[in-house]
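Only one chain comes next, encoded as structure tokens, the form predicted alone.
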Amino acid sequence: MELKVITADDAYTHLALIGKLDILGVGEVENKFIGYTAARKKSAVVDLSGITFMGSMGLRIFLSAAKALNLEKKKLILLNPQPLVNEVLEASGIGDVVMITSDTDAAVAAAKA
């Protein structure tokens, strides 16, 4: 599991996750992910195009970060989920808490708003 930082400036954070968000994958990136999202207290765009599998632990870290950011009036935006990952996101109802989009410009604009 890999976490890449694309942008981490004063306006927002843009990350990319690559690999499987199963229990092992989440264990590898959770602390860094929370550090770049909830701990920074900046809206965050998370590119999921490199995620090939996502289990309940992946949903948990997104919900945890989203709740922390919501307290700061900031957003977590999930970008470009692959079809199988998107099915998991839709089935979970997480779209009620986070924005899910395949439009990078819209995601960045929402993060900067």
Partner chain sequence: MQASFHRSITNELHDLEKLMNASTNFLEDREVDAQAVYRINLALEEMISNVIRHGYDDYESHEIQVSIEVGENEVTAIIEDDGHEFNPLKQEGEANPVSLEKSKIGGRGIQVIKKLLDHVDYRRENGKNILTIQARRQF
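A quick note: this is a predicted structure, and the numbers were derived from the prediction, not measured. Positions refer to the first chain, counted from 1.
FYI, the form predicted together with its partner chain isn't displayed, but the following is about it.
*Asks:* Considering non-hydrogen atoms and a 4.5 Å limit, does its partner chain approach residue 50 in the predicted bound form?
*Replies:* It does not: once its partner chain is placed as it appears in the predicted bound form, residue 50 has no heavy atom within 4.5 Å of it.
*Asks:* Contact between residue 45 and its partner chain in the predicted bound form at 4.5 Å, heavy atoms?
*Replies:* Residue 45: no, not in contact with its partner chain in the predicted bound form.
*Asks:* Does its partner chain get within 4.5 angstroms of any non-hydrogen atom of residue 31 in the predicted bound form?
*Replies:* Result no; residue 31 lies far from its partner chain in the predicted bound form.
*Asks:* Flag residue 39 as yes or no: does it have a non-hydrogen atom within 4.5 angstroms of any non-hydrogen atom of its partner chain in the predicted bound form?
*Replies:* Outside the cut-off, so no.
*Asks:* Relative to its partner chain in the predicted bound form, which residues of 1-29 have a heavy atom no more than 4.5 Å away?
*Replies:* Contacting residues: 20, 22, 23, 24.
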